[in-house]
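Two forms, one protein chain; structure tokens for each follow separately as structure 1 and structure 2.
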Structure 1
Amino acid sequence: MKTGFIGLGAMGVGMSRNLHQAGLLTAVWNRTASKSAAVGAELGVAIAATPAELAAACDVVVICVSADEDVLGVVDALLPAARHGLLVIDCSTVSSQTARTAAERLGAHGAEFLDCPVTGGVEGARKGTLAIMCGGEAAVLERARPVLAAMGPTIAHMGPTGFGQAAKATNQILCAGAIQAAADAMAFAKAEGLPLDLVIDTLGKGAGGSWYFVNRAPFMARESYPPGFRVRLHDKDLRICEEMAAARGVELPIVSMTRQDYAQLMANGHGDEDISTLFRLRDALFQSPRE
């Protein structure tokens, strides 16, 4: 299956490399041309001039971009090459409605669509160990499975179009709670004078451990937050969660609290740091405790 990849950010580069290793990658495209030129040269694949040129040369197009408007912009740019037999797989994190809109636009030209957001962080993208949540027709998913398997071993069919994104929204709520707990715990441990590396190693193996604690508490211990899951992107995802919950007349306290914290971090210039930078706010509480 000739596969093209669109969106060579922190996640997309690793995902495209794994598709290349599986012998599937044919072409790449990125809005910032220098990124597609670098990846194309590294992997020895075609560098498409436009999304439509990429789609014309491929059986499958994988998209991994940042926001709803980016996904729909890419889909519209693909339409001149959309046809029966073309499969578009969107691994971005967007709303369920955006997934349904993308499917409708492509379907009008005979192309098929799956919403397949992923989780596992940049580590999972690099190692090919992502978990993939899929929305769309079961038969289409079976056709896509070799492509998805190159990016991760866990491939779950959640239901019709949009259900993959609903599952990803659920995941992002869990991430909010996990990073809040990790930041609170690490700030408390630091204030108590505990050896932080030993705390991480020990508690990470216990009942309170989580992926975020094991993989992001070390960032907190070193007070260094290299871009992994950026604050501004998780904030965007949590806005989607808020909107989906609000449509059912519900507020989600952990989401609201995390977005308030993120607003403060972004205002202070930390929007492009990993979300573990939340530790800054919790550590500051212990430095200047309330009277």
Structure 2
Amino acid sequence: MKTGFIGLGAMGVGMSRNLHQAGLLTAVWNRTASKSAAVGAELGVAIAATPAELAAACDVVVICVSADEDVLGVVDALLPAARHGLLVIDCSTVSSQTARTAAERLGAHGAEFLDCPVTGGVEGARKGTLAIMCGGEAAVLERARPVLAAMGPTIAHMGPTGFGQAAKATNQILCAGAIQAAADAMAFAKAEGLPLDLVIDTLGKGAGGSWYFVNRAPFMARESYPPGFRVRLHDKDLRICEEMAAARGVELPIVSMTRQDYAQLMANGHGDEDISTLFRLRDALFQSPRE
């Protein structure tokens, strides 16, 4: 199965290396040509001049680019080479509607599409341990399975086109709740003068613990926020959640509150810090309490 990769960013480089290791990678394309030149040279694979040239040389094209309009731009650029037998797998985090639009545009030319957003971060992309949430037809997913398995061991079929993205949006809502709870709790614990490392170690084992509390409360305790899951990226994902809920006439309180907090953090220059930087805002509440 000849596979091409589009989008050699923080995620895409690791994912394409793992596809190469599995003997599947044929060609790469990236908007900034210097990145595709570097990856092409490292892995000894073809460097396509355009997305269509890449698609013409491959059976499967994997996309991992930034946002909705970027995915649709890449899909449009693939269309000259779209045909029966071509399978396009989008691993970017975008809306379910974007997935359906991409599937329709490719489907008009006989090509197949799966929305396959991932979770597990840059580390998971590098190690090939991503969890992949898939939307599309079951038979198409079976065809894609060897390609997906090269990038991660957990491959879950959530339903028809767009359902992979709906599952990813669900995950981003969970992350918002978990980081909000951890930030509130840690600011409170600090104000009470508790030994923070002992609090994390003890409460992290209890019912109130979460991955975010165990792994990110230590950042809060040290008030140091190395790049992990960037505020800017989570805000983009929560905008998708907000729009999907709004399409059903609903506003989700944790999503709205978190986006307001992120807007403040980005305005103060913290948009590229890990989302545990939310602690700054909660800690500040205890520094200058209301009268």
Ligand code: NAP
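Note that the structure is a prediction, hence the values are computed from the model and not measured. For clarity, a rigid core is taken as the largest C-alpha set superposing within 1.5 Å between two forms. Start at 1 and count along the sequence of structure 1; that gives the residue numbers used here.
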Same chain, two copies; the copy that is the form predicted together with the ligand is structure 2
Could you tell me which of A167, A57, A185, N215 sits at the hinge, given that one rigid part rotates relative to another between structure 1 and structure 2?
A167
Size of the rotation between structure 1 and structure 2 [smaller rigid part against larger, C-alpha superposition, degrees]
12
For M220, give the CA shift between structure 1 and structure 2 in Å, the superposition being done on the rigid core.
4.9
